[in-house]
Ligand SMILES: NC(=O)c1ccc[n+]([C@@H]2O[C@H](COP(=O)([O-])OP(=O)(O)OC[C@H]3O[C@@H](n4cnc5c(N)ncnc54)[C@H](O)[C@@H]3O)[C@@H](O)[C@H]2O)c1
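One chain comes next, on its own, written as structure tokens: the form predicted on its own.
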């Protein structure tokens, strides 16, 4: 286990400072610089020796606390906050001042903090980002109108740190709330917090980035407080040249980079992933991450129902970036299980706002087209303009919702589906809560306890006819942190379909199929444990595929060596 206190100084600077400290009794950083650096600050946990050495006496209260005492104190303060938004603001203040304390606190309360640090509360902070802005949180804000400073901005934000992981967004498709311009940077910040809390990615090696190409959100353009670029969003060649310049600069500055694309809009997300996935280690959570966790949930459900994957009929309600990406991932699993491409496609149906998607529709995206059906398959094709009509015609065994249209998995839809399959697999994934297609308790009730359910937001257990049904959360956080750690630890030069499949199968095999009411996915409260499981599986697959750039023979040891722990170490700068 690697547990180092991080410095934002370069190795050369560290060496020169250490030499000066040995030769002359003076400091190179002031007390204020130390306590205002979240990578160095320990607050009241600075030891007496450190206070003497770095001039911290009198700058802090005289008592020396342990990290455990600080965590207990901070949690008590957190518990007094009256709303989820205020709790998140409080946690972000700790993060801005002391990374070790933040992650130690987060690690002790993962299940409780996940909906505060990330979804759904992060949606509130994104919508109010400009009004609430206090600290840039080591983020990089890149503007399409100031591309000459991309390299300078990345260097300044990295500040000499060895960056291994960037989460970048253009914020056009934030969660289920749409286009939020520069304010969407908070999604990158939050995502990286989960990477570290769940998998132990070193926080000194990560960087959140927002690509500001404008916004089509009129409320932002008309807001005097809005901190982003005030222009309509740019598309086409000019936009792609901006993305390309960022990627080329980032990979040059940070040659061991794992690049995570987050919440890009429907018109660009898949194209960008397809462009880069065979060139560098890159990942799109909306397309690939959601697909992995849905696949893991389906595998868990099939472990419970004792059914075969290749016997399933899959319907996606919502055929945007997430819906089409998930469908592609499940389709690839059919192929991996030995089915031909043509035969596998017969098992998939996409339903969007216009109803069931047919191959003669002019507005199909490249990601939708492979799964669009022929009208000749249905006698009443022109009537299949709603989810209810599509379910009645197709009889799906799996129904996944990414529509962001609340309440659309109605009792009519669900009972019709359940009439044609013993164990319907139903995943209403849209988030935040107000956008979910259905409530877990209704799905259990309407199917008389037969539905195998996962939701996109945390859901309480459901009591029905004497059985407690645990509801799995199809939370990408169960997958992407471990996927990232395993890939980085293995020094993999690419992220392949084999590595993604290994991640899904490592989670899907964890459920207890013999327990009544068992969840189809493991609980978020054991996030750190399962992130390790995923990381080990992914790293091993990378080694098996010969993708490691460094000589590594033991995948598990490589993962253990790469993992960071939130512990205070003696300050030595």
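Nothing here was measured: the structure is a model prediction, and the numbers come from that model. Positions refer to the first chain, counted from 1.
Another form exists, predicted together with the named molecule; not displayed. Remarks below refer to it.
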Could you confirm whether residue 266 comes within 4.5 Å of the named molecule in the model of the complex, counting heavy atoms only?
-> yes
Should residue 429 be classed as touching the named molecule in the model of the complex when contacts are defined as heavy atoms within 4.5 Å?
-> yes
Quick one: does residue 333 come within 4.5 Å of the named molecule in the model of the complex, counting heavy atoms only?
-> no
Using 4.5 Å between non-hydrogen atoms, is residue 456 touching the named molecule in the model of the complex?
-> yes
Of 94 to 102, 228 to 236, 169 to 177, 251 to 259, which is the one stretch near the named molecule in the model of the complex, taking non-hydrogen atoms within 4.5 angstroms as near?
-> 169 to 177
Among 465, 353, 308, 149, just one has a heavy atom within 4.5 Å of the named molecule in the model of the complex, namely 353
Candidate from 405, 381, 72, 111 lying within 4.5 Å of the named molecule in the model of the complex - any heavy atom = 405
If you look in the model of the complex, which residues in 469 to 498 sit within 4.5 Å of the named molecule (heavy atoms)?
-> 474, 475, 476
